Each structure stands twice: as structure tokens, then as C-alpha cells.
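Okay, so here's just one chain, in C-alpha cells, the form predicted on its own.
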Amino acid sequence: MSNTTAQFVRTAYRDSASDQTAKRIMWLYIGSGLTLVGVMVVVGLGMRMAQGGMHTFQPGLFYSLMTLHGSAMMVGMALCGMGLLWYLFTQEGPLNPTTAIVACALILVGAVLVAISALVGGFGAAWTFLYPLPFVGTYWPSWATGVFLAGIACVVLGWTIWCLQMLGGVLTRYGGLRGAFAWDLVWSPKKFAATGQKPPPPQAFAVLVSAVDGLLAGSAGMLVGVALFARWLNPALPLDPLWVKNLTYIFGHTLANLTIYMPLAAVYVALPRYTHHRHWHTSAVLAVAWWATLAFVAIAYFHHLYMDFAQPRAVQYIGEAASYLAAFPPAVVTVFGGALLVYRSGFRWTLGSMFLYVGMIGWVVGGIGALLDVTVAFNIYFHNTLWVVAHFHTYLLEGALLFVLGWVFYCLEERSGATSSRAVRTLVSLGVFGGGAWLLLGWYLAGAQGVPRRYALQPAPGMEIGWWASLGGIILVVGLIMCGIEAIRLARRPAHREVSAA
């Protein structure tokens, strides 16, 4: 298919009823996800203010909120990435809308059940629910544990359905794994070029990796979920804590990683639209980078088990090596490629492009924090301190969330044909970037001082740092509120009729 014909087909598709349906489903996912994330940002700020001594929670409530915050934040970010990838893939090939709606509904039902278990039942074993914590020495009723496990099961089921649909779509569209991985582009580039075929676009690799690693994570989640549910029904049933912990982290750590990688597709698609005639093409280097990401994301979780001395030593080395190597593909290929794409390109700075570009910076900063944490010499001091909280909040708040907001504003700007004023961009930047950096700095400093995470009442200097870090959190929330108001303003503008070519 020639480029001209392909452009005509894409432009025609973008006005079709199928495209409108795909957009509604995308907004269902992203709207639900951002709502969850927004509420959980406020809940998280309340917890940080309590740690800073600004107010107090009743005993146990902090840990119930912490459980809800961690679970719902992960689900919310995953929903955003799932909706974004689902919509982008419909530009390449058909996907069944009903399947996507069923998957989303299951995940939302799961989120409601988790909220009931935490807010009504008082379940407070954290989103990691490490065995035997949900069953031993609890202050919440047994039914709350059962409802929590049922909620997680619904989330895993919905996630697995989505992964199966996306994997099926990728394999069908690109002719199996060989085509989806761009195998011939990498190993036989001249022959591949001679066929006239096109490799999958960069965002298709994010779909493939999310689906394959997502199915691995979902399988582990289902297995450990069934085991814990059986333990809940029969308290005499023995489980191996190390076996449970491995499965829990294959599920949880991989899913958390994928919530960061999924919205990266927005950078590939939207960032070039703000340049002057530049595009992001699939190269052999990019394809190999995503192959590496597929492998390293699946085995990097071992770095969470350094302190489990019964674990075979070899997997600890694998975990450290994979954690280091996982950083290179995104940093070298995607972030460096993005910087080159912007450099001297006549880049247009709007809210959408700002979020996408700064999101890459946040991604790098969070990655450096993570690399320090997985280094054994540092992990001895940082393990289970607020340093861990700092680096994954950098990933999420100033990385993945900014990618999602960048995509949202890109869509709104393209639809309305309007952008935000410089004053609005400045205020949002001060709130979201400035307030976010202020909040994150508090976690990094407290972590470096050895302040433990998951403590309602923190030893010194946790309370002092928590107090002033909360001020940054308040500024961040104000920035996000301004962001929401600006999004509503752009959404209420009449649609711009001119359709730009993809």
C-alpha cells in the first residue's frame, strides 16, 4: 500500500463510525483511570500530611487507605495505558469493542470490591498483600480479606482478557510473532526492504510487550490468587511464603512496570505531531530495544527479594543485571530519540507537548533513583525506605501520568484546533512540575536518611520532612485541578473540522 493510499485510508477511518466507537472506549478507559488516579492523589496527600503531623488518622485507617491508594493507583494508571493502546491499535487493525468493555467493567468491579474491603472492612495488608499478612494478626474481619482477594481476581481477569485481545490483534495484523517482532527487519533488512512490507509502528511494540508480559503477570496473579483464596477458605492450608512472594511480585512488579511502558506509546504517536514534518519510524535498534524490554521487565522483580536469603543466589544476580539492563532500551532509544526528534524541529510548546516532553525527563529521573535502589551496596540502606516510594512516584506522577495527560491534551488540542495560553501553561507547570518535584524531593531526602516506608508514624526526621513535603503535594493538587479546568475548557469548544493527516 503506498503512503498516499495509506494516508487516505487512515484519514477516512478517523471520521468513521468505528473510529468514533473506538474513541468512546478509549475515553471510557482513560476517564475511569484518571478519576481513580485523581481521587488517590488526594488520598495520598492526606496520608503524607498525616505523616507530617498536620493531622492524625484513627489507628488502622492509615493502613487501609495505604492499601486502597496503592491498589487503585495501579489500576487507574493501567486503565489509562490500556485505553490509549487499545485506541492506537484500532488505527492499525480491528478490535472487538464488546470485549474491551467487558474487560474494563471487570477491572472497575474489582476496584469497587477493593474499596469496600478497605473502607468498610478495614483491610490493611497493602496492595502487595504478602502472605501471611492478610491472615495473621489482622485487625479487620475475615470477610474483608475475601472481598479484597475477589476484587484483585476481577482486576486480573479483566487485565488478562485485554492482554489476550491485544495479543491476538497484533499477531493477526502483523502475520504472527515473526512479523510482530520485526524479526526480518532486524536480521534480513535488505530482503525485508525488497518485499516492500512495512514493519509494525513503534507503538505496536508497546502493545506486544504489554500483552506478552501482561499475560505472564496475569497468570502469576491468578495462581497466587487461587492459592490465597483457598487459604482463606481453609485456614489450616499451609503455603510457602517465599513461593507466594515470588508469584506476588511477578504479578505486582510486572504490572506496575507495564503501567509505565504502556502510555509511552503516546510519545511515539503524539510528540512528532508537534514538530515540523518529523516522524518516529521503526528501526532495527528500536525493535531490539523492545525485545530487551520484554525480557528484562519479566525478571527484574528479583531485586525485591535481596533480603530473602533462602532465595537461590543466582536469581539475585539475575535480578540486579536485569534491573540495570532494563534501563538502557527506554533511556537510549526512546528518550534519546525523543530529544533528537525535538531538537531544531520547530517544536510547538503546548500543554500536550510539555507533558509529553517533561514526562520523559521524569522517566529518566525515576529510572536513576530505581537503579540506585537495585544496587546491592545502596539497597542495604534504601531497602523498604521512602527512597523506594520516591522513585516509583517519580515514574508514575512525573512520568506515566504526564504521558497520559500529554495524550489527553493532544487529543483535545487537535479536536478543538486551540491551545492554552502562556499564562495557563506557566501556572500548570509550576503546579504539576514544581509541586510534584517538591513532593518527590521529600521522599528522596527521607529515604536517604533511612526513614522507613509504610509507617503511619515515622521516626525522625520523617515527620519534619513530611510536613514541608506536603506543601509540595498541595501545590501539585492545585496544578492538577487547573489542568482539569483547562481540559474542560478545551473539550467544550466546538470541534475543529480540519482533520490533520496521521
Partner chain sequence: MLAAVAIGTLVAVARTAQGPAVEQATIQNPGYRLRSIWFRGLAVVAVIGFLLSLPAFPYYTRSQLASSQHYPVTALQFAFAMPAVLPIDTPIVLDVTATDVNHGVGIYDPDGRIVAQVQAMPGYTNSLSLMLKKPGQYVVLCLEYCGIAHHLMRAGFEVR
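Residue numbers count along the first chain shown, from 1. Since the model is a prediction, treat every value here as computed from it, not as a measurement.
The next section is about a form of this same protein that is not shown, the form predicted together with the partner chain.
Although the partner is absent here, Arg173 is not a contact residue: none of its heavy atoms lies within 4.5 angstroms of the partner chain in the model of the complex. In the model of the complex, the partner chain sits within 4.5 Å of a heavy atom belonging to His383. Under a 4.5 angstroms non-hydrogen atom cutoff, the partner chain in the model of the complex lacks Trp183 among its neighbouring residues. Though the partner is left out of this view, Leu457 does reach within 4.5 Å of the partner chain in the model of the complex, counting heavy atoms only. When the partner chain is considered in the model of the complex, only one residue from Gly417, Gly168, Pro132, Pro97 comes within 4.5 Å through any heavy atom, namely Pro132. Put simply, of Ser421, Gln197, Thr375, Ser219 only one has a heavy atom within 4.5 Å of the partner chain in the model of the complex, and it is Thr375. Contact with the partner chain, judged by heavy atoms within 4.5 Å in the model of the complex, is confined among 331-339, 189-197, 292-300, 105-113 to 331-339. Each of Asp308, Arg313 and Tyr317 places at least one heavy atom within 4.5 Å of the partner chain in the model of the complex. Shown without its partner, the chain has Pro59, Gly60, Tyr63, Met66 in segment 37-74 as residues with a non-hydrogen atom within 4.5 angstroms of the partner chain in the model of the complex.
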